[in-house]
Structure formats: structure tokens, C-alpha cells
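Only one chain is included here, represented as C-alpha cells and corresponding to the form predicted alone.
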């Protein structure tokens, strides 16, 4: 179930009082104050560049050009207004690259965006030329001549396509090289690539229901100076299903949590190896809430343990 549906359902099930509380505490006045607010940034180890620790994913939410384009454009615009920069997409997310490229072009906002995409081949994954051809189309669809981050998607043709990505880095068409997956069975395969020195970024799934990246991937990234991008921080909406209708625990308010979205994002970015999380949505008010997780302190490890156990005990 998509995050956009389950969070909507969460608000519905939580009742009018909780819903009103979410909007009053998280959204009212937030856009106007965003530029003057301090947001948590994390460092990309290979360069020292710092980026906001929450961005925007597009896998489930931006894939259909025939759906409401303006809603998606408004979501991207809100991301920038709130102080976010990171957008992650892929050529296999149906029309997502086209939607993102058109929105950035119409907003004149390419220079505001840390733009990440992928070499994402389902067939003929080992073909270097197939990857190059796909990258060429991605440049056109995203209306740009440079990717901030280009990643090999789901370990398909990792060696071949990382070679191409590093060639593009040398040519100035790519700034950072990465590898992605969203399945825990690939965690072990990621570790030697992280340790090889060929990655600036590792993208992996990580949430309170599946924290298996804690075992090897996140420690390896931290030890080898590889930035980490987190997909599925809301476990495809499962976290909102689990907490629907529940009040935020009083103890979570000690570190600035007043919505479940902030609760789960602060848990994710509370890990010292995590550089940025990329929850997906098409709703501007969700973006406001997500970026709100970057304000105030992060939970300690003891608090993170308590957060996880609280949800697992539901």
C-alpha cells in the first residue's frame, strides 16, 4: 500500500482532533518560516558537501504523466520552499523522470535540486551501451546536462555500469556514484562494493519494521566514508497502518515529535550512518511534515531503541 494512501488513511482514522493537531503544529506558518529555520544537514563524506537529511522519492508517486501534473509540481516546489533539495528518481519509475524534469524546468529550479537517478536495466543488465543509452534518455527526460548522483539500480550490472558512471564523473556529467537496493537479501552483496572504494552513496531500505541494514550495510558505509540514502522509511505505509488512531507518546515529544511522520523519519535519520531519507508523496503538506523532522534534536540511541520497541509491541 502506497505511503500517500496510508498516511491519508491515518489522518482519517485518527479523528478530527488528531488531524487538526497535526496540521496546526506541523504546517501552519511552516512554509513562510522555512528559510529562516535551522534544518539538519548531513555530510557527503567523499566531498564534504552537506545536504538536507530528508528529500523526496518518486517511485510510487510520480510515475504517471497523465495524472495531476500540477499536484506533483507543487510538491516539488514545496520541497524547495521548505529547504529540501534531494529528489530521487529512475527511468524505470514509469514517467517519473519526465514529470520531475518538466517540473524543474517550469519552476526554473534545477540549480536548487540535488538530483539523483539511476541506471536501471531490467534486461541485458551487463550491457555497457544499454546503460549509456538509458542515461542519455534520462538526461533528455530530466532536462539537464548533469546528474548530482547516478546509481546502479538493484545491483544489475554493477561493475559494468559503475565503470560508466565513473567515466561520466571524469567528464563532469555526474558528481557522485551510487548503488541501490530495497531488498534485504542484497544487503550482504552491497558490503564488498561499499568497501571497494567505488561508491560515494549507498541507497538501501531502512525502517522500524526492517532494520536489517543495521547489521552490515550501515556499519560498512560509516567505516568506509560512503553516504547513505534511505528508501522506504515508512515501510510502504505499514508504519502508519500500525499507529492509526494512536496518540504520539509523551516521551517522543522530548525530541520534537508531534506527528507520526516525524516519529519515523527521526528514527531513521537518527542513525549516524544515514545521510538522507527519501519518503515518497505527492502532497505538499506531507512534504512540510517530512522536512519538519529536520528541526529539533534527534533521538539518542536509547530513545531510538524505545521508539522501535514501542512500534513492534503494537
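Residue numbers count along the first chain shown, from 1. Since the structure is predicted, the reported quantities are computational estimates derived from the model, not experimental observations.
Here the subject shifts to the form predicted in complex with a small molecule, a form of this protein not shown in this document.
Against the small molecule in the model of the complex, the set 80, 266 and 276 makes no contact: no member has a heavy atom within 4.5 Å. For the residues 53, 282, 257, 44, the 4.5 Å heavy atom test against the small molecule in the model of the complex is passed only by 282. Using a 4.5 angstroms limit between non-hydrogen atoms, residue 154 touches the small molecule in the model of the complex. The small molecule in the model of the complex is approached by residue 59, whose closest heavy atom lies within 4.5 angstroms of it.
Interface membership of residue 158, defined by any non-hydrogen atom within 4.5 Å of the small molecule in the model of the complex, is ruled out.
Within this chain, residue 181 lines the site of the small molecule in the model of the complex, having a heavy atom no more than 4.5 Å away. Between 59-67, 44-52, 244-252, 267-275, the stretch whose residues reach within 4.5 angstroms of the small molecule in the model of the complex through a non-hydrogen atom is 59-67.
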